[in-house]
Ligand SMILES: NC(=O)c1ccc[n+]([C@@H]2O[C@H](COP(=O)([O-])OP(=O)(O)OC[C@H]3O[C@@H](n4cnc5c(N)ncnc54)[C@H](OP(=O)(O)O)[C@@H]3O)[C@@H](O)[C@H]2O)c1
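A single chain, nothing else alongside it, follows as structure tokens in the form predicted alone.
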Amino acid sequence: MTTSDEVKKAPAKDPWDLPDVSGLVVGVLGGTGDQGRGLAYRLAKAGQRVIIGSRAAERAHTAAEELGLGVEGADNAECARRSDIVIVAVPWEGHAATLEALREELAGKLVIDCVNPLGFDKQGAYALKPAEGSAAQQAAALLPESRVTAAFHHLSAVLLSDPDVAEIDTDVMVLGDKRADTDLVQALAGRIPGMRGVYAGRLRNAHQVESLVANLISANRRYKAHAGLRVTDV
């Protein structure tokens, strides 16, 4: 009989032992917008194969040609079909409709939602709370056959798109319900110089992360900056 003293526990996995994602194709839905275009540029510059998606294929082709770096353009459906990882960077107003239309193409894909549900009035930006709890949770509800995660919320589109900025000095908070998926997203974030992906909890905690963008917008306006985040002691 084996005693409890003889049972050896498997060593804990190193949280920074992340997979190689360099060979995966990344699609960016909303890749003609500021945030999506900036992410596409940085990932392509890091050597990732990138496809920009748009409702209009012609707009996507034009944006891809302007970026260069081997970036391709396609309509949203083709972008989703041809990609291993799909970043959702569409405006909040079109979030649900876009994902509903692409449910079949996104089945089985790793989806990274970086949409921030925000409202704006004379006092500035403020967080909206979707019925599902967050944009990421809405994506998970609309895409039951996809592997939905959340990340890349707190990035400055200005810095992402600026070729004179060599490194993006920020952490990326990554949320999801399966470690294998969040590890992939962390690894993808780490492909961009200066950036680090940090696990920040399950998808149910995405609302706080999305909402924090309203605070960063306020800081940016006060200090004329492009604020990001760093997680200390990790």
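Nothing here was measured: the structure is a model prediction, and the numbers come from that model. For every residue, the number given is its place in the sequence shown, counted from 1.
There is also a form predicted together with the ligand; it is not shown, and the following applies to it.
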Interface check vs the ligand in the predicted bound form: of T32, Q48, Q186, T170, the one with a heavy atom inside 4.5 Å is T32
Answer key, the ligand contact in the predicted bound form at 4.5 Å (heavy atoms) among L155, L102, L110, A140: the residue is L155
Taking a heavy atom within 4.5 Å as contact, would all three of G36, R59 and V115 count as contacting the ligand in the predicted bound form?
yes
Per contact check vs the ligand in the predicted bound form (non-hydrogen atom within 4.5 angstroms), the hit among 90-98, 142-150, 77-85, 122-130 is 90-98
Please determine whether R204 contacts the ligand in the predicted bound form, using a 4.5 Å cut-off between heavy atoms. no
Exercise for the section: Find out whether any non-hydrogen atom of R55 is located within 4.5 angstroms of the ligand in the predicted bound form, and reply yes or no. Expected result: yes
